[in-house]
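Single chain ahead, by itself, as structure tokens, in the form predicted on its own.
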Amino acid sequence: MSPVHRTLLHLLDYANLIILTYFIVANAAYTILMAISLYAVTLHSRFAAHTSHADIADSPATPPITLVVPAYNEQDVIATTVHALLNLEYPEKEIIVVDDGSTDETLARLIKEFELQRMDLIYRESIPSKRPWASYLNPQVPNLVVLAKENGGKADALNTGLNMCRSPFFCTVDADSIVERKALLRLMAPIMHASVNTVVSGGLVRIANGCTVANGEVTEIGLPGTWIERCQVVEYIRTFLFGRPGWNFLKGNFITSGAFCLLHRETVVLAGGFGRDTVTEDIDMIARLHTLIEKKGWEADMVFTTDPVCWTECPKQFRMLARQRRRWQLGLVQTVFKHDRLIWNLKQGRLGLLSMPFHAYVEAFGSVVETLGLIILPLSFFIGAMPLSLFLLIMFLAVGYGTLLSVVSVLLAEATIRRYPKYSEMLTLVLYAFLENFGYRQAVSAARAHGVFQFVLGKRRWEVVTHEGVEA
């Protein structure tokens, strides 16, 4: 055996050990999270079944909320989103849409749809951001304000809306989101009922593709028609129902979707507002808040609500899906490195000891291990660096066990929070929970790994994902 061949075998041995260790640790963590999440979701389902939130809707102590909607080139979906927000059941709310220098007809369609007039409104800057060059209002719709500003990115648009906000709580809403009527009441419930100050309340996000939308709300729930959309439905179920509830139960919330998230305004201002140095400002904000709370020595909480409260359009083409996942992964790695002091931080409790290490080592860089494993494992087997038994074991951990977790996630979701009324749809989801592990998951993992390499190469570019709108 030549020295080169011997060196290659040693390198492959080390690589295979890393891959095997990763899949054992990751699958064990996902299994534990699923078990905890199932318990948490079951408890919440029982509570939600007997809760109408009428006490919050009728209480004079319920704080007002401002919904901040950053919009850039969202002409096809923005009117539907705003109509849905105007129809939300909540005692006192205001909607601020921030047009972030759109180059399409986003602003024009808002003006036409809601008969807006240009007016001079008071704008006080608490957080640095690009000032709006115009503000629009319709006296007949006094709780809707539209701000037009020069393009500065989503974080800057959120900060502009935050500067205009006057309520104690504000809610970030993506322009392609459709929010259920009782969504704000559900998000406010854990804040009103908490024994300590709650500064973040995040909600469940579901796929709107395949659903019927009328007058700004989902009137009929259904599955989309293409395989890439159906795989995303399964993925969202696994992530939002059997991942995040587990971290919420452990008080280790680190990722809260900015598509629909309620935050305490004063605390966010003290944290410096939304950062512009990452491409996922929502994750960065949660990390900022954890750091602020630790430094101030406050007793504060961040919660996740498992009610399905927000529907969003997912990409229909793999090109757009890859853009989305690259950005999410790039932003996750950026945030982990930026806030690395949270990792193994005893003062952060279970967030520092469990959640941050998991997100840093498994979620942030696991995609690289999974993608390289697709090349290394077959190579090791075919050149004789790995016995068949070890090859089959790792493949089971990489594909077989992942398939099992996906199928169980869908079955548990339908057993606890059933949203798809037809049994045929449930069986279809189970089928795609199996199929997504053969091609889709590997392709998404490769896109995520690309996001990690973008970080290593110093790229920070925001990749725009275009939306086509859901069925009306």
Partner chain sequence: MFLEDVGQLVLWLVLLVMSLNLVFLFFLLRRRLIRKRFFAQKDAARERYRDPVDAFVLGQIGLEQAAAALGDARSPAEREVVSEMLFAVSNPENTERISELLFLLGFVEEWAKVAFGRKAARELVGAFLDREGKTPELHWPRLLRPIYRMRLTAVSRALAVNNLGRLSAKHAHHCLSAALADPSSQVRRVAIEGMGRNRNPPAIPLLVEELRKAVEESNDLSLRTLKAALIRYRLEDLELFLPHLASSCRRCRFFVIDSIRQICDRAAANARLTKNDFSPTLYRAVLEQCQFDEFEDVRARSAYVAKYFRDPSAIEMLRHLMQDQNEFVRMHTLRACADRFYADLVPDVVARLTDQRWLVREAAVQALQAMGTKGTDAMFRFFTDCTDKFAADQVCDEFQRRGVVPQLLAAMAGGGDEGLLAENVARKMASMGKTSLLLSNLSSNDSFAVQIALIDTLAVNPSSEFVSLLNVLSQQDSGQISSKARQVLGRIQSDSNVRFGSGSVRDTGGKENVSGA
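Positions refer to the first chain, counted from 1. Keep in mind it's a predicted model, so treat the numbers as computed, not measured.
Here the subject shifts to the form predicted in complex with the partner chain, a form of this protein not shown in this document.
Scanning 350, 341, 166, 296 against the partner chain in the predicted complex with a 4.5 Å heavy atom cut-off leaves one residue, 166.
Checked against the partner chain in the predicted complex, the candidates 446, 430, 26, 33 yield a single residue with a heavy atom inside 4.5 Å, and that residue is 430. Taking the partner from the other structure, the partner chain in the predicted complex has a heavy atom within 4.5 Å of a heavy atom of residue 122. Using a 4.5 Å cutoff between non-hydrogen atoms, residue 440 does not count as a contact of the partner chain in the predicted complex. Although the partner is absent from this view, residue 110 stays clear of the partner chain in the predicted complex, with no non-hydrogen atom inside 4.5 angstroms. Interface residue remark: residue 382 is not counted as part of the site for the partner chain in the predicted complex, having no heavy atom within 4.5 Å.
Of the candidate stretches 281-289, 353-361, 186-194, 311-319, only 186-194 contains residues with a heavy atom within 4.5 Å of the partner chain in the predicted complex. Taken together, 63, 118 and 249 are fully in contact with the partner chain in the predicted complex: each brings a heavy atom within 4.5 Å. Shown here without the partner chain, the chain has 387, 389, 390, 392, 393, 396, 400, 401, 403, 404, 407, 408, 410, 411 in 386-412 lying with a heavy atom within 4.5 Å of that partner in the predicted complex.
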